[in-house]
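Below, in structure tokens: the form predicted alone, a single chain.
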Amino acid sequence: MNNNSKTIHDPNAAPTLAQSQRQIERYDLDVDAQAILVAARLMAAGAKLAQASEIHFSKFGLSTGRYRLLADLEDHGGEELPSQLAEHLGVTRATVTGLIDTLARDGLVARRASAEDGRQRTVVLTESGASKLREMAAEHFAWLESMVGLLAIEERSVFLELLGRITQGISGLANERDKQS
């Protein structure tokens, strides 16, 4: 794809290319208006996805973060250190502690002494937590599939490639911020 590709006009999408161009001119910047538009639309889509995800997971008595923690535990044999969870989820240890506290209160995870180092406490997926994941799997994966249902298989492949490259750019921005701290 190139920058001259046809653009599908969505009247509900904001901002428009014309708005981006006006802002760039207003501030006398030397940047690509289409790049700004793509980034702004990506941010808007991310916000909409975050909102839709919270609504979706609330049907199961979870939040997006709590679901991700349960799924990560399941993917890693049902037991991990809080520091591993934080790393895998890309959040702080304090955030993980809050997620664990809520999930433990609900009986979906438990804390126990590490078999490798008794001074450390691991987080364990309970049978109730595993059952929750099994019970919601069909509806959850159908929801995920419906999100990209308008894309052909080939388009999904291209989209995955593009998302990977965008994610690299986002990671670069996050690394820049960390260096400034």
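Being a predicted model, the structure only gives us computed values, none of them experimental. Start at 1 and count along the sequence shown; that's the residue number.
The next section is about a form of this same protein that is not shown, the form predicted together with a further copy of the same chain.
In the predicted complex, a further copy of the same chain stays beyond 4.5 Å of every heavy atom belonging to residue 126. Within 4.5 Å of any heavy atom of a further copy of the same chain in the predicted complex lies no heavy atom of residue 122.
The shortest heavy atom separation between residue 104 and a further copy of the same chain in the predicted complex exceeds 4.5 Å.
Mapping the unseen interface onto this chain, residue 114 falls outside it, with no heavy atom inside 4.5 Å of a further copy of the same chain in the predicted complex. Scanning 21 to 57 for heavy atoms within 4.5 Å of a further copy of the same chain in the predicted complex gives 22, 23, 24, 26, 27, 29, 30, 31, 32, 34, 35, 36, 37, 38, 39, 41, 42, 43, 45, 46, 48, 49, 52, 53, 55 in sequence order.
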